[in-house]
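Just the one chain here, laid out as structure tokens, in the form predicted on its own.
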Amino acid sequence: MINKLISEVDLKNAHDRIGPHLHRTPVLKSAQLNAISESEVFFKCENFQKTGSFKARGATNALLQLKESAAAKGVVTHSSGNHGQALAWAAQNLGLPCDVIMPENAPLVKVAAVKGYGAQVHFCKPNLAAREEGLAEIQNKKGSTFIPPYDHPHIIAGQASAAMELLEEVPDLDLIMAPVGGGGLLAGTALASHYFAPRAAVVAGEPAGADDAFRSFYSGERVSSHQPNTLADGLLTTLGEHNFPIIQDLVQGIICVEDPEIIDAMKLIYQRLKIVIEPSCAVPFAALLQQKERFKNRRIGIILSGGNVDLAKLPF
């Protein structure tokens, strides 16, 4: 099932395809964070990626595989943040028209970023039905191709390249941790581990206030809608259909963390690594700190997913 959907070759091809367009982000360590977590932690810094998050990987991989006739008509998506920025940047980079449907309450800093990358922004009411209605309108008018934020094999294969690079740099990890929202990054990370480092377990962190992946994973049935409430605004979406079976098969567990734990982990990363991250990005490190006895003395890679945070609204 997994091999048919997204193969080892698909991951290698995606990695090679997007490489010339993106940063190979650094892997950072901190002796102080190792001491606090009682393990050896390697942070893969996707907050330094183009557009400030891992999302540029999947968006670029998807666009580079569009047929010429489809590319000429442009691309469209709906997003309140990182995916919209990533798609707008990737489309501008490749010279393609791009439209982004954004909720009217989207952070102004993110709206400005999407416009800054040359995309046309269309506002809608802040609900999924309104987003999909806006999307259909643009597709009907322009014939644009919808590029989903996480629920597509090309997106998953692109996101997998972050863990692939981490494993190239630190090949003997015991564990890789990533946040989970829609599941594109987690599914890609799990596939990268499965194909290239099968001894490394994969565990996700998820906000307790947006725990649909946790409930889906442990019940065996995908939760298709929920009412999230967490400051980790990049992890509000429900788990994707393509992503769920990969995560079920290849991920070892999902750990839920409360918002105060996320804030504490975020603050530690600011203080010790001296880098800017967004709340969603701190979730897997918060999960490690919550369960440090369980993971004591392991070599652990953590995907730091992004750094698109409004500095005027830091939670500490």
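Remember, it's a predicted structure, so these values are computed and weren't measured experimentally. Heads up: residue numbers just count along the shown sequence, starting at 1.
Keep in mind that the form predicted in complex with a further copy of the same chain is not shown, yet the notes after this line are about it.
This chain is displayed alone, yet in the model of the complex one of Leu289, Leu273, Ile254, Ala70 has a heavy atom within 4.5 Å of a further copy of the same chain; that residue is Leu273. Note that among 34 to 42, 245 to 253, 62 to 70, 275 to 283, the stretch whose heavy atoms approach a further copy of the same chain to within 4.5 Å in the model of the complex is 275 to 283. For Asn308, a non-hydrogen atom is located within 4.5 Å of a further copy of the same chain in the model of the complex, even though that partner is not displayed.
a further copy of the same chain in the model of the complex comes within 4.5 Å of no heavy atom belonging to Phe214. a further copy of the same chain in the model of the complex comes within 4.5 Å of a heavy atom belonging to Tyr117. Applying a 4.5 Å heavy atom cutoff to a further copy of the same chain in the model of the complex picks out Asn47, Phe48, Gly52 from 45 to 67, in order along the sequence.
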